[in-house]
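Take a look at this one chain, the form predicted on its own, written out in structure tokens.
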């Protein structure tokens, strides 16, 4: 039957080639290269239907990711369905089940909780559906086939290194007051962000050059969840920062805040402003990630020092390319097969590059690449 299926698929592809010119996208030649892994018994038909499961619309970046990925798949001629789960795991599971029942051939999943999707992905496997984990690794299941993301440990490294350089920690006497935050405890990526930053900053804490007046200083990378902000919510980060300022900063100032992403940074910045901190006077270094519009405006207003920009357009491009390779039975592009273990297997992965955005390069990198317009940023 598999041989017959392959023959039918080849015939379908040939028919499509006559009508459309080719079964593979010309985009392939423009996409980043890398090692490849065989798609195996993935669907070969040109009549593919792609399911996209995103975690929430409440964060700007997921709106951008979902819309751009759907746009790229449409450009390649694929039918797709895009669902947002409002950060509710039961809702995401139900949406994925509906996609399976509707007959999707490939599932792209940005998980809310990467540990609870095992049963529904087993259903996907039983229906010969290939699964791509989108930016967040799906754990504790053999039924995730590929992973596309940015180098999440490097995100934290860049944030930690920025604080290190901005405070001149290698040579300055200190001590400096640091308040660290971590991401949502149910997000697998959050541990990589924190570990990357903590590997840079913790030696300075151990030496006393950095101090954490609130005491919210994990003793090791593995304890990052103790300072995690559930759901990456701006309001929770704002409340937490307000509590730290009110409780521990009556007679001192915050010098730096390690924020793993822009949604937390926004809440932290609102708390700082409410506490009377002023840009160019006593505003601390605040890190971020994603390049959200409100945060880029804050960078221009000297309320945020930097953000690690993950250009979601190239992530969507890469995932669309992987979908194309799966659908056509080609080898699937990956460039890392050893570092992303989900507790059961090393998931073949594609890691994408990062950029640090500061006030000095906003116009060149974000406006110059049409990520934002000058009007959006007030430039």
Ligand code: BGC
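All values reported here derive from a predicted model rather than from experimental measurement. Residue numbers count along the first chain shown, from 1.
We do not show the form predicted together with this ligand, though everything after this point is about it.
Heavy atoms within 4.5 Å of this ligand in the predicted complex map, among the stretches 118-126, 186-194, 73-81, 169-177, onto 186-194 alone. This chain is displayed alone, yet in the predicted complex one of 255, 290, 240, 151 has a heavy atom within 4.5 Å of this ligand; that residue is 290. Of the listed positions (244, 303, 136, 202), a single one reaches within 4.5 angstroms of this ligand by any non-hydrogen atom in the predicted complex, namely 136. By the criterion of a heavy atom within 4.5 Å, residue 92 is excluded from the residues contacting this ligand in the predicted complex. In the predicted complex, at least one heavy atom of residue 62 sits within 4.5 Å of this ligand. Though the partner is left out of this view, residue 224 does not reach within 4.5 Å of this ligand in the predicted complex, counting heavy atoms only. Mapping the unseen interface onto this chain, residue 232 counts among the residues with a heavy atom inside 4.5 Å of this ligand in the predicted complex.
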